[in-house]
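Quick heads-up: it's one chain on its own, the form predicted alone, in structure tokens.
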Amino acid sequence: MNRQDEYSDLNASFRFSVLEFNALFTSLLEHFEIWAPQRYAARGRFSDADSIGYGPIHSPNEIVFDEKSHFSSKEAVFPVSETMFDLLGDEFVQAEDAQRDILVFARPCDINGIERLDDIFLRNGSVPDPYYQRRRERIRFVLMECAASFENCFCVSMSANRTDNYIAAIRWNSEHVLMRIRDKTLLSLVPDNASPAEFIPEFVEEDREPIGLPNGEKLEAAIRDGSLFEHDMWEEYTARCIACGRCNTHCPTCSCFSMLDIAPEPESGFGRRRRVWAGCHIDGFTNMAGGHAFRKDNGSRMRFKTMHKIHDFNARFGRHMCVGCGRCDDHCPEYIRFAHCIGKVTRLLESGDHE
């Protein structure tokens, strides 16, 4: 979903004081539900550590501009837990959805991440996912300028460091705010006496630790002949990975989910079906009736995820699924780096040691 054609001709930039921006933000709240990265005190990985995640906000003071969020913006369009329908006796009642548009403050990698989810939920079959689609149609982006790479980021290597899919871009500091506005509704909210400015958002140009992607033809050949799948490089991840699933839940492009059914109550007949995030590294995800399960060892799960992120998705949609945000590396308790895993595949194919 990309509405760039509606605002590509608008490129008005302004300089606001903090107070002026606060007033503009109040006006935005009258038109949009606003989501942004915010700090959740004492809810982080360690004792007394904070967590930075996405959720609705009501003040610009809640936005965390100077740190990478621990969780991605995909929660705005693909909730962790989502009601699909209720059972009322013999009737199916589809869950209602809010009608307000959602304005999401996000960095380029996260905007690109949601575009990858668009491919999965909207273009991966003959029928778009209706639950995803109805929320996605309400999403608009405010680009949070990201001019320098954070720790573990490799978005430049994954060609996800830039985007043109935003209705406004913002550069924030403690004294003033620069905004580039490309939407008629937003522009109508700017006071007539607002100070014009020259502002074009900057993008990351270099990763702290660039990675080399594998040659597509060599990767395809190694997959088809099975040599890469059987290589002992995956045994390292069987030994180290503990299947906690943090890499899946922190990733902006992981799209897997499981169904959770609440059985109808005997008296009222009320029941509910929900879908809940799941992932290839989480125990039980591939379990089937009869006790059969695919990819029981964690090395096989890592292989599956890696091939999906840098091969399968690319073969279908023409771009890699991984956007190089580095959150899987940030939050793995076993210090497994996905960026290094990609590098190992590249070096293996170049050396020919997989044959």
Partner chain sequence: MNNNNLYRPIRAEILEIRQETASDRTFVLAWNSRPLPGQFFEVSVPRLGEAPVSISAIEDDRIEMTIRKVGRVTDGIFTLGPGDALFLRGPYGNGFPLNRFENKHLVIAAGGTGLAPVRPVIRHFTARRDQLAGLDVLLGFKTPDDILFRDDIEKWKCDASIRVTVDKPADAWSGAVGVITTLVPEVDFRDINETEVIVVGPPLMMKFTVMAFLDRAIPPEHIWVSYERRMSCGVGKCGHCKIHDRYVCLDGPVFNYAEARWLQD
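Keep in mind it's a predicted model, so treat the numbers as computed, not measured. Numbering follows the first chain given and starts at 1.
The form predicted together with the partner chain exists for this protein as well; it is not shown, and the discussion that follows is about that form.
Within 4.5 Å of the partner chain in the model of the complex, a heavy atom is found for not a single one of V18, R171 and P191.
Though the partner is left out of this view, S255 does reach within 4.5 Å of the partner chain in the model of the complex, counting heavy atoms only. For D101, no non-hydrogen atom is located within 4.5 Å of the partner chain in the model of the complex, even though that partner is not displayed. Using a 4.5 angstroms limit between non-hydrogen atoms, S81 is distant from the partner chain in the model of the complex.
Taking the partner from elsewhere, R295 is found to have a heavy atom lying within 4.5 Å of the partner chain in the model of the complex. This chain appears without its partner; in the model of the complex, the one residue of M233, I211, C244, L87 with a heavy atom within 4.5 Å of the partner chain is L87. Residue A263 is the only one of I200, A263, A147, A239 with a heavy atom lying within 4.5 Å of the partner chain in the model of the complex. Picking from 280-288, 103-111, 158-166, 177-185 the stretch near the partner chain in the model of the complex, with a 4.5 Å limit on heavy atoms, gives 280-288. Shown here without the partner chain, the chain has V127, P128, D129, P130, Y131, R134 in 127-147 lying with a heavy atom within 4.5 Å of that partner in the model of the complex.
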